[in-house]
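Presented below, as structure tokens, is a lone chain in the form predicted on its own.
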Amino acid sequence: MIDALATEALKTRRSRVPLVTAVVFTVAVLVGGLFMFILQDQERARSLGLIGTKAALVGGQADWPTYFSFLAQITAVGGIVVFGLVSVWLFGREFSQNTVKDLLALPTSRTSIVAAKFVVALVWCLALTFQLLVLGLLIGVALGLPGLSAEVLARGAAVIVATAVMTMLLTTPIAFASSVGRGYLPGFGVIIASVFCAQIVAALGYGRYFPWSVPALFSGLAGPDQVPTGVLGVVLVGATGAVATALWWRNADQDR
């Protein structure tokens, strides 16, 4: 397991994909800061050309609770894409680059290889979440947003981290699809289908029953009055995807 972890960590360190995911999350946080800047003074934003003359932003105030809620929503909606990209790359690259047979020829169990990939994915996604929190705090302080306290900070950070963990769990089926489909495209297909179905089901009012809609609802995307439910479904999906991926790697014939 240690050797497998070291190998996966080395692959990740030498790849440009971590930099790409970090840039995406950085841009997302900057967009959140831009919205707070506009909400602080919409007349100023119009004079700077940030919004149209007749445009107006509604539904929030330029304060820390609103900002934390927005960051949590970014984690829920953007996380399924970015975290999904992490799983697609970790599992699909072995087949696209024809290294899977070399990997499986090593004196390391297939289950350990899969477990190492999931551990690297977890650490990677948690690092992105930490980056989002730190950058969010720096931007919020720079903007001088009101309403910051120890309670608000703890609650906001807890919601963001919980949303991130739930989103990570929902990427295990993406890892399974990338493995079974032996490449990147099946995993990307699952990402697109997940995002599309999550939006449709949530719009119909059944999001709490659909695991891929739960992180967004938990983050407050549908409003602060929504009761966070469906977490058990998210855990079941995550566990099922991880076990299915491990079983497939252990039992599948690698004939290419």
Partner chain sequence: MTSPVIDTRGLTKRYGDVVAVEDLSLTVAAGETYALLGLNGAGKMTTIRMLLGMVRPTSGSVHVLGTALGPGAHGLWSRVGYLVETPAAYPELTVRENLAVAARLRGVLPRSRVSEMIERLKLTAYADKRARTLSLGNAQRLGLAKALLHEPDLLILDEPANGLDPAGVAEIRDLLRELSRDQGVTVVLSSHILTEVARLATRIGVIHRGRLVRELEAADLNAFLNQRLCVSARDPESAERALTTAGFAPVRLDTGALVLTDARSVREPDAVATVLVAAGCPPTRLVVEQDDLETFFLREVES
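Residue numbers count along the first chain shown, from 1. Fair warning: this is a prediction, and the values are worked out from it, not measured in the lab.
Form predicted together with its partner chain: not shown, discussed below.
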* **4.5 Å heavy atom contact, A105 to its partner chain in the predicted bound form** => yes
* Asked: Using 4.5 Å between non-hydrogen atoms, is S149 touching its partner chain in the predicted bound form?
  -> no
* Consider T99 of the chain shown here, and say whether it contacts its partner chain in the predicted bound form, taking contact as heavy atoms within 4.5 Å. => yes
* Asked: Any chance S15 has a heavy atom within 4.5 Å of its partner chain in the predicted bound form?
  -> yes
* Heavy atom contact within 4.5 Å of its partner chain in the predicted bound form, the stretch among 87-95, 71-79, 159-167, 138-146 -> 87-95
* Does any residue in 122-157 get within 4.5 Å of its partner chain in the predicted bound form, counting heavy atoms only, and if so which ones? -> none
